[in-house]
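Listed next as structure tokens is one chain, alone, in the form predicted alone.
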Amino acid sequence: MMWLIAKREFRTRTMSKANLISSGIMLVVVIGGALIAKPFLDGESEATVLEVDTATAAPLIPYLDSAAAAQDFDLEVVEVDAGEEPAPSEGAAGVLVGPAEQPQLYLGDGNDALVSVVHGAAQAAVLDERISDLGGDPAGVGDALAAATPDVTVVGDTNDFDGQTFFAGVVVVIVLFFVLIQSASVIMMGVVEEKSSRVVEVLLATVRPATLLGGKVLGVGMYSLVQAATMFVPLVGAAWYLGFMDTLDVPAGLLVTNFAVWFVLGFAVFTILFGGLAALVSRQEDIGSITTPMMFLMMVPLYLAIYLVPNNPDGTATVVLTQVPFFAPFLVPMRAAFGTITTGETVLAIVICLVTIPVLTWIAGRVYAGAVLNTGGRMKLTEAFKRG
């Protein structure tokens, strides 16, 4: 019977016109945004074209390539016949003429990075020439210079902030937060709607209150999982298409796995309580008195995940709160993104949540059973628990 209720709830929510329209808009916004942004991002990564006069400056080409690589400058060298009045052609940033000792660079507009590359190339060319004149080996000198690097040891706390890691963790916890909020709202409105319309009285004639609540939670859970996939998968796909995943230090598989695991556990921890407490009121207008403290219960761990973890990922407070079921769904993914949580801590947090969920289910079931048939004003939590 619970499975039948869950399937009905899932089908009703998923196939509703509002859900189909909102999901379609989400896909269009994410995919359309990625397609629109792609040409601009590709345009920003185009190489700078430098024209080099074949007759006078061709010996500088290998030095230009080396200098550009050393300065992490994307340079494309094109050999041309500069003529008597050198000027860069369309699409080129500049044209280089003259001997290696004193080359002349003609720019279309100011480009300090290109000037620095040409300057470094000219110096390297002159240095190699002088070493050769003295009977030395330029290649050997170059290797010796490259090897002459200091051995750096960082002591103390550097307090380096990894923006990419922070962004990856924030995306996971914020998407998780909104999906959980949406799930809780759907369950609460469904419970109050059935209660105010007296439909629940008909349903309870054939099923037990706990079975009815369990079916609703399971159905909305499947619906929310689809919603989460609709939101999260396109975002990951867009990030991959735009090339963000190549520069991200955090593996995408780790992010998706953490999201999936803690979505299920977070849904069970929060949403079951939302469903049970929603039975305390009989009108949609009164839901706010129930949602406000519950929303606060979700906002606190979200803010701690965003502000506490990046500043103190290994602190005592962070480690302890990681094992609290109401905080774990947000703190564990963020600490995992920063790489500051051990496998043992993660497993322990999962186990504690799994042990806590049956207890919360029992509490929510008793509250729901004791309050769902009450048609008066708001019922007290203690009274509903005793009657259940």
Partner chain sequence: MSILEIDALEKSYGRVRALDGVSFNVSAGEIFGFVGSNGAGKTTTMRIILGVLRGDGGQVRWDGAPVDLQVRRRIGYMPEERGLYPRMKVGEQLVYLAQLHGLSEADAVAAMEHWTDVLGVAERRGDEVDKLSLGNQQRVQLAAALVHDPDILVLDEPFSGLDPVAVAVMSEVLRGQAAKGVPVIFSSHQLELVEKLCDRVGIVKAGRLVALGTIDELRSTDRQQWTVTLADGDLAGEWPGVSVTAQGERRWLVEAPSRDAAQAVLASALSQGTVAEFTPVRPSLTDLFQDVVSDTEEGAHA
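Predicted model only: the values in this text are computed from it and were never measured. Residue numbers count along the first chain shown, from 1.
Although it is not shown, the form predicted in complex with the partner chain is what the next lines describe.
Taking a 4.5 Å heavy atom cutoff to the partner chain in the predicted complex, the contact residue among 79, 201, 129, 76 is 201. A heavy atom within 4.5 Å of the partner chain in the predicted complex is found for one listed residue only; from 292, 284, 197, 102, this is 197. The stretch among 207-215, 93-101, 119-127, 267-275 whose residues place heavy atoms within 4.5 Å of the partner chain in the predicted complex is 207-215. Along 1-26, these residues reach a heavy atom to within 4.5 Å of the partner chain in the predicted complex: 1, 4, 5, 8, 11.
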